[in-house]
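In the form predicted alone, a lone chain appears below as structure tokens.
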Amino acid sequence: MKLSLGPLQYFWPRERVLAFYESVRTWPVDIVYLGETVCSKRRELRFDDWLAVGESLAAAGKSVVLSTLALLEADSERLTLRRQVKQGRFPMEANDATALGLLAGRPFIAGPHVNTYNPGTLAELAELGAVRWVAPVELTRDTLAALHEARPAGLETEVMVFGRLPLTFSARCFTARAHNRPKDACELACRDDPAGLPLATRDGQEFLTINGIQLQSAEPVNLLGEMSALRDLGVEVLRISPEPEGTEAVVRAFRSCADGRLDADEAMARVSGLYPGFCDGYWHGGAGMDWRGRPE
């Protein structure tokens, strides 16, 4: 199985982003997704900067993919997307219907924000040119197995196995509202929250993470305990979403487990102390925030 590093979901300062991807050059990941998927106002890195990061990673032996926004709201964003499509150097991950239309006829990856819930959609994506699809994060194990079995020949399957789940996007900015600022004058408030803003219920239970116009799960999904099932299914790519701390250790734990150098319990022990908790409820058909840890 290949490991991929998903696109950065948070808004970090330019220096931190560049330092992060410089370190990724030595990590045991096969595929690295680059670019802004959440908010077009996050422009610490310009398009040419992302291309330069991609060239550096490619020189280190990584397969590089450029990811698109999940929610386009303005003509300026559509024009930026057209420029991304025209670059031709790296393949792209389409995260909305506009990107699907512009990428039709060339190889691309259908991202997790494309509503891929049935074999008919998989067939249509493959006809458009998709060479890999990333399963929506709310799919259960059984649904994923059925879709993976029914996929057209030559279409790879990728599953997000670690990181805060991207749940939804809104035309409104949750972070700006939390700081009592209008969206159009947000002053890039999310830059001050490198792991997003935690949102708890009135009872104090961690519920969601606020990340600009995006809502994420409160805890990272962790499917280390499902490595045997993923291997048996024949899933080709496992995606790890970057978090502010501990991502390298997570990558190395998954790599060791995928290669058979660690069993699931040993791999879990290496990451369990890095985060307050995990979730895997969607995988088991329950509430997304549930945590089972290992199959019964």
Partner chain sequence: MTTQPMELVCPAGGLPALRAAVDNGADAVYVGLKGRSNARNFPGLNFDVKTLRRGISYARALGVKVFMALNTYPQPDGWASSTEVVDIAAAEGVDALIVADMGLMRYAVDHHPDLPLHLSVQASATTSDALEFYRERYGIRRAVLPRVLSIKQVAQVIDGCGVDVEVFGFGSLCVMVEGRCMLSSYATGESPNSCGVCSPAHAVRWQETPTGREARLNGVLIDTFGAGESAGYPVVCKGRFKVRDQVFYAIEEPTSLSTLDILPELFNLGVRAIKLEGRQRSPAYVGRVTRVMREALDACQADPELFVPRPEWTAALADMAEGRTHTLGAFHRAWQ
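Values in this document were obtained by computation on a predicted structure and should not be read as measured data. Positions refer to the first chain, counted from 1.
One more form of this protein should be noted, the form predicted together with its partner chain, which is absent from this view; the next part is about it.
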Assess the spot marked by 113, 125 and 215: is its partner chain within 4.5 Å of a heavy atom from every one of these residues in the predicted complex? yes
4.5 angstroms heavy atom contact with its partner chain in the predicted complex for residue 149: no
Does its partner chain come within 4.5 Å of any heavy atom of residue 187 in the predicted complex? no
I'd like to know if residue 95 sits close to its partner chain in the predicted complex, meaning any non-hydrogen atom pair within 4.5 angstroms. yes
Is the gap between residue 120 and its partner chain in the predicted complex 4.5 Å or less for some heavy atom pair? yes
Heavy atoms within 4.5 Å of its partner chain in the predicted complex is the criterion; list the residues of 138 to 170 that meet it. 138, 143, 146, 147, 167, 168, 169, 170
